[in-house]
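As a starting point, one isolated chain is supplied in structure tokens, in the form predicted on its own.
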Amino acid sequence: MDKFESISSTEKTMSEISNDTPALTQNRRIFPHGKIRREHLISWSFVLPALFMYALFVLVPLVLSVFYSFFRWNGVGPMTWVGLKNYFTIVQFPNLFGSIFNAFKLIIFFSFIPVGLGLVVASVINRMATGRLGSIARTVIFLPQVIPLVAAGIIWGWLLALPGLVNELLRLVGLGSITRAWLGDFNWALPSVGVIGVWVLLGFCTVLLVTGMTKVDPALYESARIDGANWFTEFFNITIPLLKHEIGVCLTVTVINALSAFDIVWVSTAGGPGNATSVPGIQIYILGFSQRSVGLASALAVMLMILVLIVILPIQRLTRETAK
């Protein structure tokens, strides 16, 4: 009897364990999911404050700008629905629509010249200036990027004035006949502002491109030199093709700076003389804060945003395809 009782008790214990096994397995499955949920909550606790600030200062103003662009409003009184009339007004007025053309002209100085010149400077630094000399060169070139743009505009306003250092140097080398108030000349004001943009953005492009060049396999250059390639052949056949991603980043940042330029232009010329250096950023400020035409200013801001997307998205797409 004892033997049969022990066998039955053993079978009972095994059956209890087998019955409890699904519960244990279920608990084991639930525990990782609960841990994942806690990790998600912790992650969202870090992300939500940033998302809240982004929505508050970017998304909400963007939606309100699109909303205001369909009204005539002075910012205080009642709003009047005008539909697309504000957009048609921008196209019809030469001063407003001309500011967009000025912004596209600045792309040459703010984007194309810094990127092209940055490629050459970065190649020279990467090829010749190594060690401490290379670090000093990168620091000196990048220094304008650290200086506040308002301060840069004030400094260049002094340099390009009629009694400024630029004209004094021109007189010193016998070119006094071409001296002028560069920022006050109708024909030279916009190129002069563009020179300031070149000076500011060259350092950013150069440092980014130098960083990209350090990732290029030196064996490619050695193989090219063995085959008799010179510096120009290496530059156009190796350096530029392998730096298309970095070039795309430089073009994206500098084009946005050109189309949304405000601080340098405002400090140096305030859009003058006349409307020679007027850009959308200045016109938006004048319309919104001086003339109290909030709807018209919002419409111009929306048009500027659309233009930025039209220019930037192809650059991003080409860069993404190249990276693949």
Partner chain sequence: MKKDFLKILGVIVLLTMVFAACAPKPTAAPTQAPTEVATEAPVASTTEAPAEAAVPNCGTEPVVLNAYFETGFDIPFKLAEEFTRQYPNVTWDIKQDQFANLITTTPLLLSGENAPDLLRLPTMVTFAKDGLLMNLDHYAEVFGWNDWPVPQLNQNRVAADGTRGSGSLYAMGLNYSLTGVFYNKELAAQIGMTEPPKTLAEFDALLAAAKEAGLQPIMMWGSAKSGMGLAFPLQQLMAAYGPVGPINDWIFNKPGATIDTPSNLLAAQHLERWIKAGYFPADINAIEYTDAAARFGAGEGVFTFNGDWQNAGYDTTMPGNVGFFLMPPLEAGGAPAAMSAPLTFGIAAKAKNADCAAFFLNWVATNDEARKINVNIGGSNPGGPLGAVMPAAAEGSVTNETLAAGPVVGAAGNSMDFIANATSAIFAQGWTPELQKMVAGQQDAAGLLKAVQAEYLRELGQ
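Positions refer to the first chain, counted from 1. All figures in this text were calculated on a predicted structure; none of them were measured in a lab.
Separately, the form predicted together with the partner chain exists; it is not shown, and the next lines address it.
Enquirer: So which of 110-118, 212-220, 92-100, 140-148 is the stretch with heavy atoms within 4.5 Å of the partner chain in the model of the complex?
Expert: Of the stretches listed, the one contacting the partner is 92-100.
Enquirer: So in the model of the complex, does any heavy atom of residue 165 sit within 4.5 Å of the partner chain?
Expert: Heavy-atom contact with the partner chain at 4.5 Å: absent for residue 165.
Enquirer: In the model of the complex, is there a heavy atom of the partner chain that lies within 4.5 Å of any heavy atom of residue 181, even though the partner is absent here?
Expert: Because a heavy atom of residue 181 falls inside 4.5 Å of the partner chain in the model of the complex, the answer is yes.
Enquirer: With a 4.5 Å heavy atom cut-off, would you call residue 67 a contact of the partner chain in the model of the complex?
Expert: Result no; residue 67 lies far from the partner chain in the model of the complex.
Enquirer: Even though the partner isn't displayed, in the model of the complex is residue 192 close enough to the partner chain, meaning a heavy atom within 4.5 Å?
Expert: It does not: once the partner chain is placed as it appears in the model of the complex, residue 192 has no heavy atom within 4.5 Å of it.
Enquirer: What is the one choice in 228, 78, 174, 83 with a heavy atom within 4.5 Å of the partner chain in the model of the complex?
Expert: Only one option qualifies, and that one is 78.
Enquirer: Though the partner chain is not shown, can you say which of 104, 236, 88, 186 has a heavy atom within 4.5 Å of it in the model of the complex?
Expert: If I apply the 4.5 Å criterion carefully, the residue I get is 186.
Enquirer: Check for me whether the partner chain, as it appears in the model of the complex, comes within 4.5 angstroms of all of 136, 200 and 203 - heavy atoms only.
Expert: None of them does, since no heavy atom lies within 4.5 Å of the partner.
Enquirer: For the heavy atom contacts within 4.5 Å of the partner chain in the model of the complex, list the residues of 49-75 involved, in sequence order.
Expert: Residues within 4.5 Å: 54, 57, 58, 61, 62, 64, 65, 68, 72, 73, 74, 75.
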